[in-house]
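Next up: a single chain in structure tokens, the form predicted alone.
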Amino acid sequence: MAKIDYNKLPKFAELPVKRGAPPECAWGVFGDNDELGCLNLLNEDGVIEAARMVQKGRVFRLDTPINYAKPPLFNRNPAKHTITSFESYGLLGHDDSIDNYNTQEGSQWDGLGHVGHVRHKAFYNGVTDEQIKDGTGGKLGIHKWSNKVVGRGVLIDVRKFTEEQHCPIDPLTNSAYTLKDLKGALAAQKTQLKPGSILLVRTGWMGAYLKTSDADKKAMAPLEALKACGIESTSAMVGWLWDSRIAAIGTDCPAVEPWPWSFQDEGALHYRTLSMLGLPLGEQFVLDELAADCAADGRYEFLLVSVPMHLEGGIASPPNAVAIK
């Protein structure tokens, strides 16, 4: 984790810095061969500072259980868990395996090789489709994050804020929380963003989804049928995230931005963040219990530890994340 001088980084309005790069992109900001994007904003000093936030030893798991969504969202296949007995070897014991496991079937980090830009036909930092491949020779593999995602976590409970303002949205529709909503929630919480923060946003989708019937869950599973809330995908939103020096953003909804979004829309948040800024997106995080604790003690910051799968060339990973207060 090399230390970055936050003050020397270009503002969003100054992007791009690389000649010939697309507008509003951070290609070259962290070096022409960089594969970490905004995770470069995390460093040893930030880990030490975040560790000092641990005051009462409470640990909150931020991942859904594997196969929590029955059936999984976006037409993904369920994982099959098999337990194998050692009885034939004369030993009392077991192994187990997970077959057909999709790394994005539940809580997940989208790696920077997940989505390339629809018009520019490139991934973060100009990486081409041919360079995304299995193993150590591929670019933007999730294994390069395996010891990087540790630092100061900040929760924005925008769901709670909009409810208290008597203007909640229906999480099970493709409604958008605005930048004004996020800033209002931060102010109400008396919370400040600092460079290198790992931002979590509670939209209320996960809690709403879990309360639905089995029939409703089945109806929502197909990619073309799902509707879910998210944060707006405007230039102002991504500019604020960049200028706030956010290292990554995770939410409790399926796509961070409202779903569905058009894959042909150049302004989609996935393109603006993953492809253009190298800003990791986290989806389907579990945030309700953490949010309740933050509301109880008034502290919306914590040590966040996330250890993605050490899968060489991996595209995405469950976050394997905890918030520690």
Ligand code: UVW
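Please read these numbers as outputs of a predicted model, since none were measured by experiment. All residue numbers refer to positions in the sequence shown, first residue = 1.
There is also a form predicted in complex with the named molecule; it is not shown, and the following applies to it.
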item: Output flag, Val29, Asn40 and Arg245 jointly within 4.5 Å of the named molecule in the predicted complex, heavy atom basis; value: no
item: Exercise: Trp240 in contact with the named molecule in the predicted complex, heavy atom 4.5 Å; value: no
item: Proximity of Gly204 to the named molecule in the predicted complex, heavy atoms at 4.5 Å; value: no
item: Interface membership of Lys148, the named molecule in the predicted complex, 4.5 Å heavy atom rule; value: no
item: Partner contact for Pro254 in the predicted complex: the named molecule, 4.5 angstroms, heavy atom; value: yes
item: Stretch in contact, per heavy atom within 4.5 angstroms of the named molecule in the predicted complex, of 212 to 220, 128 to 136, 102 to 110, 190 to 198; value: 102 to 110
item: Listed residue (His117, Lys160, Arg76, Lys144) with a non-hydrogen atom within 4.5 angstroms of the named molecule in the predicted complex; value: Arg76
item: Any residue of 258 to 282 that, in the predicted complex, places a heavy atom within 4.5 Å of the named molecule; value: Trp259, Trp261, His270
